[in-house]
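As a starting point, one isolated chain is supplied in C-alpha cells, in the form predicted alone.
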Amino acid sequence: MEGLSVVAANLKVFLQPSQSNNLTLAIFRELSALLFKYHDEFDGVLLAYNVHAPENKGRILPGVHPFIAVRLEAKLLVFSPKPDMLLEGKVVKVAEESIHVIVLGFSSAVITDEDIRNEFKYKTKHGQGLYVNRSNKRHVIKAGTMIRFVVKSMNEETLHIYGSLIPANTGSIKILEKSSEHTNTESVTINSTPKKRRSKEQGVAQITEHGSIVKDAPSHNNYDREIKKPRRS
C-alpha cells in the first residue's frame, strides 16, 4: 500500500526536572502522545517510532519554568496519503450512496456513489447492501471486504479520507489479485513456449524476454522536531 514511509528524524524533547529519575519512561510518554495525529513537520500521521534511550540526561534550561532538553535520533513510521495514491482498507458499511472504509484501523474513508464506476451496481441481499460488478458477478464489495481505492483528498484535522473506485485497478483486493495472477500466468506460458524451427521459407521464430519491474522503495527523509512539555500553572 502506498502512503507509508520511514522517516529519520532528529528530535528534541523538553521534560520537567522532576522526570529526570526515569528519563526513558518520560521520553516514551511524550512520543506516544504524538501517535495517530497529523504533524506538519512530518507531513503525515505518526504511526510508530523507534528511538534509543539517550546516554546522557540532557541539560537543564534555566528560566522561570526550567526544562531538561534531550536530543534524540529516531526512526518514525509516517502515514501520508496524497491524491492519486492507492490505499487499502476494510469496508464497514455499504449504502447506495456511499461505501465506508477503515484504513489501518484508525482512519475512516468514504467513497460516494459518484466516485464508483458504472460497472458496479448496488443491490441488497438478506437486508445487506452490496455493490456487484456487472461483468464479473464474483467481484462483490460488501461489509468486511478488503478493497483498494484511490485517494482524492484527506482532511488533516479529522484524518478523514475521500476516495474513488473509478480506476480499473481498484475494487476488491481478492479479485484484483486473482486477475493479476491469471494475467501473469498467461504471460509466462507465452514467454516459455519453446522455440520451433520452421521451414527455410518461413524462417526461425523469435521470442523476446521481458525484464522485471522493481517497485520504488519508500523515501527516507530527514526532519527536525521539538517536543515541548506544557507548562504547569
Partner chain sequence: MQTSTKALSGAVADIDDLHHEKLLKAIFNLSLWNFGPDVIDALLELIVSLAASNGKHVDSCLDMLVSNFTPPNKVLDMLKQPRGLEKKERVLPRVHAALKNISELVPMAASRLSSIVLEQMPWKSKRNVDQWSMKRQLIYVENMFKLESGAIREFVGANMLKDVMNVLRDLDVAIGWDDILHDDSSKGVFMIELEDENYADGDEDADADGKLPSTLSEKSLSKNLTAELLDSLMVQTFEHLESSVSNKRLSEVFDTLLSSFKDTVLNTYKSKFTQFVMFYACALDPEHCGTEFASELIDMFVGGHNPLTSRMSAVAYLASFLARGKFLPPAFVASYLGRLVDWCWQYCVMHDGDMNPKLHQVFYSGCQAMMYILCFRMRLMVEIPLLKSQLFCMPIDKIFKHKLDPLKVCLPSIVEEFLKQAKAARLFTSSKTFVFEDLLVSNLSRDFGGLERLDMFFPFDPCLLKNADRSFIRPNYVYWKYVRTTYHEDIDDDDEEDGSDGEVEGAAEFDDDMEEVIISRSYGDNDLEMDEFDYAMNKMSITPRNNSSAGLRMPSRIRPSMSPESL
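In this text the structure is predicted, and so the values were computed from the model without any measurement. Positions refer to the first chain, counted from 1.
This protein has a second form, the form predicted together with the partner chain, left out of what is shown; the following refers to that one.
**Student:** Give a yes or no on whether every one of 10, 42 and 84 sits within 4.5 angstroms of the partner chain in the predicted complex by heavy atom.
**Tutor:** Looking in the predicted complex, the three residues 10, 42 and 84 all stay beyond 4.5 Å of the partner chain (heavy atoms).
**Student:** Which residue, 117, 160, 123, 138, has a heavy atom that falls within 4.5 Å of the partner chain in the predicted complex?
**Tutor:** If I apply the 4.5 Å criterion carefully, the residue I get is 160.
**Student:** Of these, 128-136, 142-150, 70-78, 99-107, which stretch puts a heavy atom within 4.5 angstroms of the partner chain in the predicted complex?
**Tutor:** Of the options given, it is 99-107.
**Student:** Does any part of residue 36 reach within 4.5 Å of the partner chain in the predicted complex? Heavy atoms only, please.
**Tutor:** Yes, residue 36 sits close enough to the partner chain in the predicted complex that at least one of its heavy atoms falls within 4.5 Å.
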